[in-house]
Every structure is written in C-alpha cells, then in structure tokens.
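The chain below stands alone, shown as structure tokens; this is the form predicted alone.
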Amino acid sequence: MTRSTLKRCVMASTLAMGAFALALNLLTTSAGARTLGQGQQPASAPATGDKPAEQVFKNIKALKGLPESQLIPVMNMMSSALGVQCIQCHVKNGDVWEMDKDDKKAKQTARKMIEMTINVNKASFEGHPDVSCFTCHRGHERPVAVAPLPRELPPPANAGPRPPAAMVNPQDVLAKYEQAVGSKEAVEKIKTRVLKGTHVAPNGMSLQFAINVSLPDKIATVVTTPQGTFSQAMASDSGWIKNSREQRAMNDSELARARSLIWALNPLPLKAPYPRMLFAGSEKIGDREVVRLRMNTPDKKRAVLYFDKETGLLVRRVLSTETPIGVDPEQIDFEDYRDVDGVKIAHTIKVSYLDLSFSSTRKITEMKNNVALEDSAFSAPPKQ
C-alpha cells in the first residue's frame, strides 16, 4: 500500500481532517482514496472503465463483482451505520495498513452480515436495497434488539391519519423555478463562470479556492494549502488531478463528483423541456416550506429536488446511488441567492456525503460570468 493510500484512509476514518483532507474534499480525492478495504457485489454492471473490485483490490470475498468506484462509498456507509472506523475490521501495523489481512474477527463478521443483507433484499425486496446496515445498527456497533423503556404513549386512536398533501403539478413547480432564476435570455448568455471563495470543512477549517467552469461539461479547480497547490480539471468524460505527490487521471468516483459540482454551479441546471418528475410531498427545511419532486436520472440514480414554495428557487438536491447493502446519498443545499447579471445564483453551496472528508460548504466571494476561457485551461499540464 502506498503512503497516499495510508494517508487517505486515516483521514477518511477520523473527524480530525487537516488542510490536506480539505483539499482532497474540494478537488475530489487522491489515488490513496481507492484502497480502504473490502468491496461488494454490484448494484448494476460496472460503468465503462470501472473494473470489478476484485480486479483492483486484494482478498475480495463476500462482495465480488462490485464496481471499483463504489468501494469507498460502501466502506463509508458501513462506517457511518455502525459508528466505527477502519481499524474496527482492518489491520494496521505501526503506520502501515494491511487491508487484505483477515486477522480480525470483526472482518469475518462483517462479511457474514453483508451476505445476510444481500440475501434479505433478494428474498424479500426483489433485490432493491430496502434493508441496509443502518436499518438495524442506527449508528451503533451492536443493534438494539429491545425497545427502550419507558415507552412513549401512542397518538390517540381518534386522531386519524394525516390529511394527504395537496397535489402539485411538477411542471408548474419547474416553470416557477425557471422564472425565479431569471429571464431565459439572461440565463442563456452565461457560457463560462469564474469563481473564487472559501471552502469550509465540517471541523471549521477553511481554504481559498478558484473555479473555472465552461458549460456544459468543463471545470477546473485550484486550491492552495500549506501542503502545496492542488488542482484538477475535467472536460467531458475525462479529467486529471495534480498535487505535490502525483499527477494522474481521475477515476470514476472523482468524475462523478466533478459532474455534480458542475451541476451545482450551473445557473439553471433544469431547463425546458423539463424532465419527467413526480410530486413527492411537502415539508419544511428550516423555516421554509418546500415542495419535493423526484425523478430517476439517466445513470439509474434517484434524485429528489426541493423547491421553496414562496420563491420557487431550488433549496436542496439529494442524489441516491443504490448498492447491494444500502443507498449511498449525496446532498447539496443552496443558500444565499444573489442577482448576478440578471440571474439569481446561490452563493453558499453545502455538499454532504457519508464520507466527511468530502463534505464541505463553499462560500462564493467573487463571481464573473462569460470570461474568456481557452480549452487549455482544462488540459493536464505536462508531467515534470
């Protein structure tokens, strides 16, 4: 295992993230993020270029066939569901992780529990991951098998069911959203965006970032940290990452996070003709009443979008990826909308993952639209 692998594993399994983890958060991740431990069986066939986990990692047993890109998300799902860290199952000798070793009983138990979860979903839920590690563990190493006492009183029998939420036409919600963002002409004028701001991790540490976006599918990011400059870029379906240790191509997980960031920075990611969506109810986020719409994405993920009932603006997007042992969520919250060139743009974008090293709040302090950006701005620099 490389030093970058060790460093990434330690950071992913602790809450004390330093500037290095912050940079990886903003720039997706380093090569070391790819070897945390065991894999899983595939929720679907591996994406193009995404190898089965057992072809990339050693000693994959219970979950052969898992797309490599799902390995780290699944490890974080289990860590979050049980409230444990990598050391619970994996072996660490001094400063060296030996992930492929089977020395710990907890690792053997984890394999049995993974197989049990997959079998329950196959037998009872047509293969859908309705049951996950979190279903039973709820953030604890051992599931709670007995209901706590004293028991709370149930609601009165005459209370009756809650009245159903008033139905809403999703197309009306999307039309109101498009109108709230700005005129069609103002939105369509925006072809490129140059952004600067601060990137704040869950522990409060912040770094400065600069992002160039060329819509619809190019992005370049630079962060300067005490450990050096971290940069990355993506154009269409390929990208690269460079830091003080290495320069390499993005993997599938990193490309997915880069696409998600472009989506979040697009002034109007949902345009007419609107995608087919279903009304999913109403709720409150903070003190705001919101309407939920849900849809399936072309890459077989599930998306739920939350729109402010009053302003019509997008407040939140939750994107869910199914795995055999549960759903891996990504949440983006949009706040502090301001008018820039006749278009309302969120200046605070909060991204939440189960892996805290990728969770962050980006606060935009400077924004310029339609700055000339050459294709070379997104090309990988020559290797030294």
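Quick note: we count residues from 1 along the sequence shown, nothing fancier. Given the structure is predicted, the values throughout are model-derived calculations rather than measurements.
There is another form of this protein, the form predicted together with a small molecule, and it is not shown here; the text below is about that form.
If you check the small molecule in the predicted complex, you find a heavy atom from every one of Leu71, His90 and Ser132 within 4.5 Å.
Taking non-hydrogen atoms only, Lys51 never approaches the small molecule to within 4.5 angstroms in the predicted complex. The shortest heavy atom separation between Lys176 and the small molecule in the predicted complex exceeds 4.5 Å. Though the partner is left out of this view, Ser214 does not reach within 4.5 Å of the small molecule in the predicted complex, counting heavy atoms only. Among residues of the shown chain, Ile325 is one whose heavy atoms approach the small molecule to within 4.5 Å in the predicted complex. Segments offered: 116-124, 283-291, 242-250, 178-186. Contacting the small molecule in the predicted complex at heavy atom distances within 4.5 Å is 116-124. Note on the partner interface in the predicted complex: the residue among Cys86, Val222, Met277, Ile219 having a heavy atom within 4.5 angstroms of the small molecule is Cys86. Just one of Ala62, Ile332, Val340, Leu356 comes within 4.5 Å of the small molecule in the predicted complex, counting any heavy atom, and that one is Ala62.
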